[in-house]
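To begin, one chain is listed below as structure tokens, in the form predicted alone.
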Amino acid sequence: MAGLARYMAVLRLFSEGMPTWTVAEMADALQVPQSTAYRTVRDLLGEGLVEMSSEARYRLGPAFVEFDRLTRLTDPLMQAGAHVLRAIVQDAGVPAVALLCRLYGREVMCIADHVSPDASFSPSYERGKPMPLTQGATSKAILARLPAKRLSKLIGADAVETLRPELAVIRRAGFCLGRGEIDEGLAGMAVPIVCEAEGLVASLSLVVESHRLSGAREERLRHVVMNAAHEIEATLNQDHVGALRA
């Protein structure tokens, strides 16, 4: 490993199950000399990306908190969507969780969410947690709006052929409804959000308990989420035009 990849490999070792590491453990996990792991940790330590824990162990550092704040204040998708998440949860009329997710490499990641006070469930999607690209309404709504070449590069030709009929339906309908595909007993209504000028492909989702989603309520919530997603998309495009004129 060389360059940035060397640093990212170390940072990606940290997890909820393993929040602290020694240099020796890092070297063993990455199959690199301890001297290489030590130099990498030394550089990360100097930038605040890791910090000393105890007994020569290291954990993620405060620099991530700084960048998290800056992202929340400057990310165009989060800026356009934050208030919308609260609004659709209030409009749902049932316990719900609203999710704003975007494409993240070969995965999909939630960048913002809002939970209604009466929701007693927690979907697997949560802020900062990468999720599978080919499962669930939230991800499929994004896949449905990707250009064919990019889609094939991300998930492979075989997966594209498997998902092609379903994605075609989503593109025509403008939304995706999934039941129990990610979390048993939960349903997700997702609508794609695209701003080509900002290079963004995302989705807005509302997650509710499956038994609460039927008939007139399903149709009403579909309109709520679609209108909200279109509002975010319009805001993104207007802000981009405004920035160019400025």
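What we label the rigid core is the largest C-alpha set whose atoms superpose within 1.5 Å from one form to the other. Predicted model, so just to flag it, every value in this text is computed and none were measured. For every residue, the number given is its place in the sequence shown, counted from 1.
The following text describes the form predicted in complex with a further copy of the same chain, which does not appear among the structures shown.
Proximity to a further copy of the same chain in the predicted bound form, defined as a heavy atom within 4.5 Å, holds among Ala157, Ala148, Ala168, Leu73 only for Leu73. Exactly one listed residue, out of Leu49, Ile182, Leu213, Ala27, brings a non-hydrogen atom to within 4.5 Å of a further copy of the same chain in the predicted bound form: Leu49.
For the chain shown alone, Ser15 is a contact residue for a further copy of the same chain in the predicted bound form, at least one non-hydrogen atom being within 4.5 angstroms. Using a 4.5 Å cutoff between non-hydrogen atoms, Val65 counts as a contact of a further copy of the same chain in the predicted bound form. Although the partner is absent here, Pro33 sits far enough away that none of its heavy atoms falls within 4.5 Å of a further copy of the same chain in the predicted bound form. Among residues of the shown chain, Phe121 is not one whose heavy atoms approach a further copy of the same chain to within 4.5 Å in the predicted bound form. Residue heavy atoms within 4.5 Å of a further copy of the same chain in the predicted bound form occur in exactly one stretch of 216-224, 203-211, 174-182, 51-59, and that stretch is 51-59. In the predicted bound form, the residues of 4-42 lying within 4.5 Å of a further copy of the same chain by at least one heavy atom are, in order, Leu4, Ala5, Tyr7, Met8, Leu11, Arg12, Phe14, Ser15, Glu16, Pro19. Arg39 is among the residues whose C-alpha shifts by 2 Å or more between the shown form and the other one once the rigid core is aligned.
Taking the rigid core as fixed, one finds a CA shift for Met226 smaller than 2 Å between the shown form and the other one.
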